[in-house]
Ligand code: HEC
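One chain follows as structure tokens, the form predicted alone.
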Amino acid sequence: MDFRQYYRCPWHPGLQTVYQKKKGSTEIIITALTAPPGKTFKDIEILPWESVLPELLKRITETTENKFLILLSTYSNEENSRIAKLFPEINLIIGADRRKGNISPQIHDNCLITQTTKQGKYQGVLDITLGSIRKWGLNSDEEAANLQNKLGSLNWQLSRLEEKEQRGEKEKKRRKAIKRLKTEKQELNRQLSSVQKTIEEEKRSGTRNDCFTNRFIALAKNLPDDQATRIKVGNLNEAIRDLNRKAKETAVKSPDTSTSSLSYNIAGSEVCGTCHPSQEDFWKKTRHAKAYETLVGKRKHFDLSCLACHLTLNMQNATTANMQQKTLLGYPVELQSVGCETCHGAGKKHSIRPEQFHMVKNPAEKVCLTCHTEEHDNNFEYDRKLQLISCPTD
């Protein structure tokens, strides 16, 4: 088997899909678990894996004898380790822990756990050779070949040093090296002998463990897109845009009350400019002012996952995770940019009574990180970026 981890799987909450394929006499079974999202979904019940997985695995094991079970999981690496301990029937877990990046294959209670980093920066290639028993072990033939190679290299080093020793070029440091290499040679011979006995036993008994090799391949950013995949993704994005375009038309005709609540206390950058003209002029030259135009240029202005970070929202008291994103489709035109109040807080009350209601001078780093996540800005430095957008003082 050759598992190529090209992606981080956006499995839908609550989905229980089982993919099954036969490899020789072994049934390869793939299923998935999705960690609970940060928001709720109407008419969708999110169940913990503790209540879903036991029944799912029971159904699989009852219908399949010789199986190799793979679990795709968006849970944390720690939670995946717990799952591996509780369910020894799972042979492989391919994770998607955003915090961990590449995880070289690790065996936990006879379950192999691994993942590649996010954003397609690496391709993980996991080659698995199925044995006759479901237990992870070494590929004895490959291990014997590696030991033979190491032994050959060591013998060459040893012969070079011994030649110099025979010519009378005696040196204390060289003698120590010869002694060390001879000790290493004895150990390699011992390991090789042990592996060769294992190979003989495997041939005699006809039983072999499952074994694997793994490598991570760094992917260049300038790799060309796969044409067929690019077309499919483009068609999917176009269909999503059409749905959201229709939803926006409905939202404009019947403004949602939650949309109004999001923008209720926000005055807009033009109002700010009546008292702070130099600051408004400066802001207009920043990328924040053209944030929504950027979406329009890329035809992403109907993409719900993008909108929240390209509009004027009071990020002092909100996060993109807890917003009802569909309500943003009907957001007021005058607030379609990352305006002053995104960083400094809602300013309607301040515009009426500035001596009573004060604004936040500099946004805290956590406010910036609401949108400048590693996924969208992996070069974000708070102090440096703050200097770039800091308005001139009066």
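Note that residue numbering follows the sequence shown and begins at 1. We call the rigid core whatever largest set of C-alpha positions still superposes within 1.5 Å between the two forms. It should be emphasised that the depicted structure is a prediction, and the values quoted were computed from it without experimental measurement.
FYI, the form predicted in complex with this ligand isn't displayed, but the following is about it.
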So in the predicted bound form, is this ligand close enough to Glu355 to count as touching (4.5 Å, heavy atoms)? yes
Spell out, yes or no, whether the shortest heavy atom distance between Trp283 and this ligand in the predicted bound form is within 4.5 Å. yes
Is Leu147 close enough to this ligand in the predicted bound form to count, meaning some heavy atom within 4.5 Å? no
Examine Ile29 and determine whether its closest non-hydrogen atom to this ligand in the predicted bound form is within 4.5 angstroms. no
Location of this ligand contact in the predicted bound form, chosen stretch of 65-73, 328-336, 47-55, 359-367 [non-hydrogen atom, 4.5 Å]: 359-367
Exactly one of Arg134, Lys248, His276, Lys185 comes within 4.5 Å of this ligand in the predicted bound form through a heavy atom, and that residue is His276
When this ligand is considered in the predicted bound form, the residues of 334-352 having a heavy atom within 4.5 Å of it are Val338, Gly339, Cys340, Glu341, Thr342, Cys343, His344, Gly347, His350, Ser351
Aligning on the core only, does the CA of Cys368 end up 2 angstroms or more away between the shown form and the other one? yes
Checking Leu130 here: with the core superposed, does its CA move 2 Å or more between the shown form and the other one? no
Once the two forms are fit on the core, has Ser269 moved its CA by at least 2 Å between the shown form and the other one? yes
